[in-house]
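Read the single chain below, which is given as structure tokens and is the form predicted on its own.
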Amino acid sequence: MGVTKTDYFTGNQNQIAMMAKALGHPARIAIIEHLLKVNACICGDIVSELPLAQPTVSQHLKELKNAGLIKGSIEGNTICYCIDERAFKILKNYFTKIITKLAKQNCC
């Protein structure tokens, strides 16, 4: 079996790219912002907040969960979603390094 393109990059680079890709849709940003506002909720609550169908919201939740940005716990017949703080700490550290580096250099 051949090497995939992602094998040429570090685990951290792949992880940041996956998170950034998941955040690359405005509906997912809206979901993150809603979860920050309410702390945790179920899919139905998010559907009532967004102009999207339930299957679409479920797909966006799946993408955010696969990227590690949110986590879900099963409560009866529903899944309660919340922000995964570890993922956002990783993103914060990554962007802090960039900002620190930019503050020390002059660009063309």
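For every residue, the number given is its place in the sequence shown, counted from 1. The structure displayed is predicted, hence computed values, not measured ones.
There is another form of this protein, the form predicted together with a further copy of the same chain, and it is not shown here; the text below is about that form.
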If we define contact as a non-hydrogen atom of the residue within 4.5 angstroms of the partner, is residue 39 a contact of a further copy of the same chain in the model of the complex?
yes
4.5 angstroms heavy atom contact with a further copy of the same chain in the model of the complex for residue 62
no
Residue 47: touches a further copy of the same chain in the model of the complex, heavy atom cutoff 4.5 angstroms
no
Just checking whether residue 51 would be counted as a contact of a further copy of the same chain in the model of the complex - the rule being heavy atoms within 4.5 angstroms.
yes
Looking at a further copy of the same chain in the model of the complex, which residues in 55 to 88 have at least one heavy atom within 4.5 Å of it?
71, 82, 83, 85, 88
So the Cα-Cα distance between residue 40 and residue 57 shifts by 3 Å or more in the model of the complex; is it shorter or longer than what we see here?
farther
